[in-house]
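There is one chain below, alone, in structure tokens, taken in the form predicted on its own.
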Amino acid sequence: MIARPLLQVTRLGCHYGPIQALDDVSLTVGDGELVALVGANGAGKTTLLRAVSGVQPASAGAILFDGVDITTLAAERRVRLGIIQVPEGRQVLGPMTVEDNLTLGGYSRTRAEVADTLEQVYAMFPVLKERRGQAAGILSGGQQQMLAIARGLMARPRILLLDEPSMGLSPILVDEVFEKVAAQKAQGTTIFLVEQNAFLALSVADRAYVLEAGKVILSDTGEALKTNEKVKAAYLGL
């Protein structure tokens, strides 16, 4: 049973010029859920996240957040509603310190909220506290991914959009990052996760959708999709 819908995408279409990247996509993320979106490279996963965060305009359909139509709302206003994206490839600001990166993540919050959230983030990510005065660019890949997630949390998200958090990381660091993701879910954060490592994504997801050539072709619980023969053959290498 799906929790109270927080994000509802209905018959969404997106184009890059004449190329249709998403076609008639519908999905729901319930309040407090971790929902995964899996699929091959080029399936349209990142485009969907960009459409939800307002970076990519929709050419058809609707996006509702907490019952309100945000389809044409500016990205900056979506941030203030609590829709926060952690981008693919981390995109930390390398010359700036760890703490400056974090503070920038909370630009839409009050000074008191930033100070309070910063202490919470440091408690969750002790390595970032240790390196708070260092340039973000000298952190390891795993530490930069932690910083990117922590920067997103600084905005106090109502929904956290995670785009390929395992990209470019060693298996040990992937496990560490996903432990943090699972911990956030356990604390009640709603998460919409795009991840090419389908087995890992389905292992942590309450529910999941499979995207292929811009269309949703399957949806079920994470555990059910892990045992689906088509998913196993196409995405799990089994």
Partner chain sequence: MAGKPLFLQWLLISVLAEFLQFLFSGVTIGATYALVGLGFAIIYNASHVINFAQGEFVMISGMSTVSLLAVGMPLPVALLLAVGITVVVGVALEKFAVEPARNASVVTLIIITIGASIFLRGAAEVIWGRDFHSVPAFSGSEPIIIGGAALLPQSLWVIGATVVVIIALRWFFGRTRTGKAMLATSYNPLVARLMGINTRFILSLSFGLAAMLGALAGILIAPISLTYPSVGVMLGLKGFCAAILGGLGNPMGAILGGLIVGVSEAMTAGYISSAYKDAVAFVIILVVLVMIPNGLFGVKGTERV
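Numbering follows the first chain given and starts at 1. A quick note: this is a predicted structure, and the numbers were derived from the prediction, not measured.
The following text describes the form predicted in complex with its partner chain, which does not appear among the structures shown.
Though the partner is left out of this view, residue 100 does reach within 4.5 Å of its partner chain in the predicted bound form, counting heavy atoms only. Contact annotation for residue 85: at least one heavy atom lies within 4.5 Å of its partner chain in the predicted bound form. At least one heavy atom of residue 79 is located within 4.5 Å of its partner chain in the predicted bound form. For the chain shown alone, residue 54 is a contact residue for its partner chain in the predicted bound form, at least one non-hydrogen atom being within 4.5 angstroms. Contact annotation for the candidate site: 89, 96 and 109 all lie close to its partner chain in the predicted bound form (heavy atom within 4.5 Å). Remark: of stretches 23-31, 174-182, 200-208, 46-54, the one touching its partner chain in the predicted bound form is 46-54 (heavy atom within 4.5 Å). Using a 4.5 Å cut-off on any heavy atom, none of the residues of 191-222 reaches its partner chain in the predicted bound form.
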